[in-house]
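Given next, in structure tokens, is a single chain: the form predicted alone.
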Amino acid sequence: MEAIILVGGFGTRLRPLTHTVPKPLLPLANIPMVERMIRNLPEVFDTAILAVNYGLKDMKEYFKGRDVGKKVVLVPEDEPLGTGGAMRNCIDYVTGTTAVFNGDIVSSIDLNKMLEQHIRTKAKGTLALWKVADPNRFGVVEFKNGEILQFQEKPEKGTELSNLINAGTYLLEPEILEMIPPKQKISIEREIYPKVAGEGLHGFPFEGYFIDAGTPESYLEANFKSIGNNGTAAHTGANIRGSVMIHENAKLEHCIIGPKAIIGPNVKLEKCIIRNSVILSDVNGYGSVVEESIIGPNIKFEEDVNRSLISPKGQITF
């Protein structure tokens, strides 16, 4: 079976980081976001199809000769095609029921259970659904007896059909993909799914966590969630506090790391305190306190940093 991962976006909300690194290759707990998604696919999925626009050259270079546990096919978009157009662009590589993911989603969804339900209900499509506290900020679905009956965009308070939103993970039969006009910019959420609502479109509510890792704040959250049980217990050059991950070749001297901190490859830090932050590759730091920040790659700092995103292309405060 195949899984399509939509990785065509520009990552504008994470600039300036994405000026130098395409968002799919930004690391989550020191593994590129898209590679982590591929490696987490259930065994039944043997092929990952990457729908790529921005960063195609970097993606080709990264996956060239790299074993990520699945066959990887890159399908380029000459122009951005939207979610639906990107899926339709991959149809030549699809052989049957297909999983589709938004490339910046990090969630606790059990795809095996979702697939079992999809097959059992003989659905045309199954959408993962996530419960939100404030449905007025989102598009919600009317969900009854396992089926999605209609969509409602940012409902006024008191008129909400539910508090369940589209969680960016789908299981689709080929007939859904065939409904999408080829070589056109199409939103599957706005232009295709409403046509199937009440006609075999099912929902799969799940619990746990759901993170759109497309902003600095949510990118930090997704990194810390991705540490899981693989954190660093000790390091000769650092006092470790809480959930932390330190790359094996990072060099630290007289540092306090954590809680919630990730240190990337080829990082050198001396006399630094790093908390609630991600330090990307090839960063050098001295005598600084870093909190709630993303730094790197290839950055040198010798001053305190708070709630900032710093990359070779500049700095923003968030």
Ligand code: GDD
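Whichever C-alpha set is largest while still superposing within 1.5 Å between the two forms counts as the rigid core. Residue numbers here begin at 1 and follow the sequence given. Everything numeric in this text was worked out from a predicted model, so none of it was measured.
As for the form predicted together with the named molecule, it is not shown, yet the points below apply to it.
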Whether 14, 55 and 62 all lie within 4.5 angstroms of the named molecule in the predicted complex by heavy atom: no
In the predicted complex, residue 116 touching the named molecule (heavy atom, 4.5 Å): no
Any non-hydrogen atom of residue 98 within 4.5 angstroms of the named molecule in the predicted complex: no
Touches the named molecule in the predicted complex: residue 215 (any heavy atom, 4.5 Å): no
Partner contact for residue 199 in the predicted complex: the named molecule, 4.5 angstroms, heavy atom: no
Contact segment among 173-181, 221-229, 74-82, 117-125, judged by heavy atoms lying within 4.5 Å of the named molecule in the predicted complex: 74-82
Heavy atom within 4.5 Å of the named molecule in the predicted complex - the one residue of 166, 162, 107, 243 that qualifies: 166
Position in contact with the named molecule when the complex is considered in the predicted complex, options 195, 154, 131, 144, heavy atoms within 4.5 Å: 154
Residues in 5-34 with any heavy atom within 4.5 Å of the named molecule in the predicted complex: 6, 7, 8, 9
Is_shifted residue 71 between the shown form and the other one (CA, 2 Å cut-off, rigid core): no
Core-aligned C-alpha movement of residue 138 between the shown form and the other one reaching 2 Å: yes
